[in-house]
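The form predicted alone is given below as one chain in structure tokens.
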């Protein structure tokens, strides 16, 4: 599938299996998610822009580098919050924004109820990473991407734990017709399908409910 990166890391696979297990409790579920978030963050950060920075080592002056992009995390509430730890720990300078979207149980369409984003006029070096553990129909992600594009954001990447083919196809159909303006998606697993209720199979249940014990 176009612009889909599936992270095949042994530790990520190990912890994802813990999360899939219906007998895994809340604490172990969150701990496994935290560990995977570091691996996903490393992958997402691997292509951010750098610039030269002079560095004085104990022995000589060299040309080092520093991050040029202004990075904004945009977790989709609630479950997206669970992916933030690795991203913030690896790069504390990151800005964390929030978007609240819930899925209407009947129509399965996204409904926005909250949005907070930093006031950044120059968006040339703005790099936004959308965090959504479960890409099911893709509706919430598509809604969020369109919101950002309308704001003038050009660098957008989506990070998830797992995804359904239906959701990835929907995102590609909507945005990835032009390679120069495509949306990259990073995930740990492309699962089989969506069931009749719009849940990912085999999936791991409702990530938000399992994280927060609701």
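Computed from a predicted structure; not experimentally measured. Positions refer to the first chain, counted from 1.
There is another form of this protein, the form predicted in complex with a small molecule, and it is not shown here; the text below is about that form.
> Although the small molecule is absent from this view, report whether residue 82 comes within 4.5 Å of it in the predicted complex, heavy atoms only.
Heavy-atom contact with the small molecule at 4.5 Å: absent for residue 82.
> Is it the case that residue 134, even though its partner is missing from this view, gets within 4.5 Å of the small molecule in the predicted complex, heavy atoms only?
Output for residue 134 is yes: heavy atoms within 4.5 Å of the small molecule.
> Residue 128 versus the small molecule, in the predicted complex: is there a non-hydrogen atom within 4.5 Å?
Residue 128 lies outside the contact set for the small molecule.
> Though only this chain appears here, would residue 91 touch the small molecule in the predicted complex if you measure heavy atom gaps against 4.5 Å?
It does not: once the small molecule is placed as it appears in the predicted complex, residue 91 has no heavy atom within 4.5 Å of it.
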